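Only one chain is included here, represented as structure tokens and corresponding to the form predicted on its own.
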Amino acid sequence: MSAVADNYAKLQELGVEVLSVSVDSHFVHKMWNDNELTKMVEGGVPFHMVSDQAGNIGKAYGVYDDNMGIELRGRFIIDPDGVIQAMEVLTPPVGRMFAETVRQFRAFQVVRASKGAEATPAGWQPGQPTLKPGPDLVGNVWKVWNPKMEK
């Protein structure tokens, strides 16, 4: 949460909006923000923290744990049409890599802007070549991309 808050301006530059959702009440969110997050990020969390006390949002996204009454840590990339393009669910002991999240946003934006005429291979970074899906690419991916380019 603090990494996203600290880098929120970068996400805004990409046209990305962030919502944080948890089963905690809005009172707990405020306390957590005021007493902890503001110590890590100047001004605290700049995006909405949504209270899902009944777990309805978590259930809809498949991250609510009925036995524990909690939501697992999930990240969902939802496109402007409301379609989930990517999701990642991790258990609490493992944190995410913010740079990878930004890379994925950029990759999805390239694919969307091309209306599907381009694809980004594994490890793709902005400025690197994309793949052009179609019959000519079948059996010829190796000519335009290989895993060593990823490094």
Partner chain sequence: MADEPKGCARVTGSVVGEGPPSAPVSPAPETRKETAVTARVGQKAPDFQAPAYFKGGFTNVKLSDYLGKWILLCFYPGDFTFV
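All of these numbers come straight from a predicted model, not from anything done at the bench. Numbering follows the first chain given and starts at 1.
In what follows, reference is made to the form predicted together with the partner chain, a form of this protein that is not presented.
Enquirer: Answer yes if any heavy atom of residue 65 is within 4.5 Å of a heavy atom of the partner chain in the predicted bound form; otherwise answer no.
Expert: No, residue 65 is distant from the partner.
Enquirer: Taking the partner chain as it sits in the predicted bound form, is residue 118 in contact with it (heavy atom to heavy atom, 4.5 Å or less)?
Expert: No.
Enquirer: Check residue 126 for me: does it contact the partner chain in the predicted bound form (non-hydrogen atoms, 4.5 angstroms)?
Expert: No, no contact at 4.5 Å.
Enquirer: Hey, in the predicted bound form, is residue 59 touching the partner chain, heavy atoms inside 4.5 Å?
Expert: Yes, residue 59 is a contact residue.
Enquirer: Scan 67-103 and write down, in order along the chain, each residue with a heavy atom lying within 4.5 Å of the partner chain in the predicted bound form.
Expert: Heavy-atom contacts within 4.5 Å come from 70, 71, 72, 73, 74, 75, 76, 77, 78, 79, 80, 81, 82, 83, 84, 85, 86, 87, 92, 93, 94, 95, 96, 101.
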